[in-house]
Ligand code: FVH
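Below, in structure tokens: the form predicted alone, a single chain.
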């Protein structure tokens, strides 16, 4: 069913409050999950996708199909966009400027903080309330109580649609007015994830060299991550204050890291990861932080890296 007219608010169950109509543009795995979560919580949902045929399940669940992105956007005061990247997002949005004026646009497309700022400026110039967002979950977890979707942009727009946006993830949060904040948090948290996964993979490879299965190693790794979370809490006020009284000094920690490098090389395990961490620690020590905590590494991360040594003359 195509529609170009706003849908009347609906109520579900015993909750008398109306549910805000929402248009969802983009029905990849994540977009379809977003539409499904909204449908599951009783919102009237109109869907559109550039490639047809991805909405059958959603239509069976009560979604309305729009025959164009403009018809979808015209159907709701809240428009959620989730496509491949910001270039694709702008391709969808540019022709919709007049339709979107006066509505709230929530862009959950992955991108950089700079792309978010550019799209926010485009939206503001056209009278569109713009929230940029980052989904910190895989599609199957969209809508769960523990799932976080991070938002940045006008606080008034978030407050107006808070109840609806929390349907996409119960642990969601508005981070601030700057449009690129959600993307910046997203990339920072992904960096933490990849570093953690790389550390786990290195440990699993190290123990596999001694015939120990990852299934034996992983319970210890998970328990240890709980302690690492405590280190984050210990170091956080130090990073904010720029003062780094140690629990264990960098001088001591870099010596222990050299043991990891030695054990890895002796077993034929690549040392790219511990070498990189060791380089950061040694830079902090060279900058005078040898007697400080690991938090002092942030000081060299925000300072220019030393220039490479010139090649020897022939």
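Treat the numbers as computed from the prediction; the structure is a model and nothing was measured. Residue numbers count along the first chain shown, from 1.
Just so you know, the form predicted together with the named molecule exists too; it's not on screen, but the next bit is about it.
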Report whether the minimum heavy atom distance between residue 206 and the named molecule in the predicted complex is within 4.5 Å.
no
Please run the contact check for residue 84 against the named molecule in the predicted complex: heavy atoms, 4.5 angstroms, yes or no?
yes
In the predicted complex, does residue 110 have a heavy atom within 4.5 Å of the named molecule?
yes
Does the 4.5 Å heavy atom contact test between residue 254 and the named molecule in the predicted complex come out positive?
no
One stretch from 192-200, 131-139, 209-217, 172-180 that, in the predicted complex, holds residues within 4.5 Å of the named molecule by heavy atom
131-139
Selected contact from 284, 27, 63, 38, since only one has a non-hydrogen atom within 4.5 angstroms of the named molecule in the predicted complex:
27
Of the residues spanning 86-100, the ones with some heavy atom within 4.5 Å of the named molecule in the predicted complex are 88, 92
